[in-house]
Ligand SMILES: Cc1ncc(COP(=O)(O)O)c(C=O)c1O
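One chain comes next, on its own, written as structure tokens: the form predicted on its own.
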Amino acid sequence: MTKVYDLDTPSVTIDLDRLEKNIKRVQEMVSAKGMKNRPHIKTHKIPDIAKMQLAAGASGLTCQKLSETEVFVDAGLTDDILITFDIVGEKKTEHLMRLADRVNKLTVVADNETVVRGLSEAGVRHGKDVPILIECDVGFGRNGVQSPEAALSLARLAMNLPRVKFEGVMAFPTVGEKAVSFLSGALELFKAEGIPVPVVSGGGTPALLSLGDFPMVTEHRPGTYVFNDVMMVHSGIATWDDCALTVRATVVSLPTGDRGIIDAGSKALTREQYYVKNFGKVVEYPGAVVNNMSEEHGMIDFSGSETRPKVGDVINIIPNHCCVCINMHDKVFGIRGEDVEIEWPVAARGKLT
């Protein structure tokens, strides 16, 4: 059996014990609140891991793009999929309808009239209903209708168009009082008009901490929880011992007493920061951080560490954002202890359309 120390660097390893524990823990958290768990596969992009999530009790999957969805459909995951991205234009709606022919239930989101009308036209062309959720901007400042009234208005349009089936509302992330008031207000408006809202879809791994604030939510869409990363530890949903994904890198130079150079730069770790500092956590040297990067070089500041590695030593980096990191690699290695149990191709890597 291949050993971890036989792997070339940089490479991504997945601690299988931690992965399995993360899947089980979050499934239990969501189920305990009476919600369905619909994990977002954009984090791992690997059909085998999605199968693990479904086996643990997930009700379906969340995908972000059509090409990404197709990878999972090709792998036989054809029961229940939600695509959480506006699908615009006939080229994409035709792709959607081809996928819909292969999936038991394929739901999409919409936050504007152009998207809803395009879905209706595609449904008419193919003689097939398109289930939709209305996406709501509950404070993140990305996609989504801007008010409960706008959600109701767009739902009314959908209900009056052929081959579009309004099924509910969707939001990301479901945290904070604004999200509570937005979803509660929208549901009151729908109820006043006698419009059923069977699905209220919430999302985000950090939002797992506030599930109890959203009793109206029927399903949750966490993604990062399978691996966790620096951001998830910073948010309080995970500890360092919950981080299953690390990037193995070799120390190739120690130019000064405090600076080390590794063979993993922005092409292996990415430069994503969001709300955290630096570019990764060094597992073996708790006081050290990846404080800068170029494409192939990672610069590590060891000034906060009592010890230093030697040139040639291999270290492990927990990235800031595992979802983006994994999209930089063709394959990852599932490990237990020092044993490499499985090599997974990152099947949906680069599926952006």
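Just so it is clear, the model here is predicted, and its values are computed rather than measured. Position 1 is the first residue in the sequence shown; the rest follow in order.
The protein also exists as the form predicted in complex with this ligand; that form is not presented, and the subsequent description refers to it.
A.B. asks: Hey, in the predicted complex, is His40 touching this ligand, heavy atoms inside 4.5 Å?
C.D. replies: His40: yes, in contact with this ligand in the predicted complex.
A.B. asks: Hey, in the predicted complex, is Gly176 touching this ligand, heavy atoms inside 4.5 Å?
C.D. replies: No, Gly176 stays farther than 4.5 Å from this ligand in the predicted complex.
A.B. asks: Taking heavy atoms and a 4.5 Å cut-off, does Gly185 contact this ligand in the predicted complex?
C.D. replies: No, Gly185 is distant from the partner.
A.B. asks: Contact between Met170 and this ligand in the predicted complex at 4.5 Å, heavy atoms?
C.D. replies: Met170: contacts this ligand in the predicted complex.
A.B. asks: If contact means any heavy atom within 4.5 Å, which of 324-332, 307-315, 290-298, 40-48 contacts this ligand in the predicted complex?
C.D. replies: Among the listed stretches, the partner-contacting one is 40-48.
A.B. asks: Can you pick out, from Gly223, Gly118, Gly144, Gly265, the residue that has a heavy atom within 4.5 Å of this ligand in the predicted complex?
C.D. replies: When this ligand is considered in the predicted complex, the option within 4.5 Å is Gly223.
A.B. asks: Looking at Thr270, Thr84, Thr246, Thr93, which is the one with a non-hydrogen atom within 4.5 Å of this ligand in the predicted complex?
C.D. replies: The residue from Thr270, Thr84, Thr246, Thr93 that makes the contact is Thr84.
A.B. asks: Going through 44-69, which residues have a heavy atom within 4.5 Å of this ligand in the predicted complex? Please give them in sequence order.
C.D. replies: The one in contact is Gln64.
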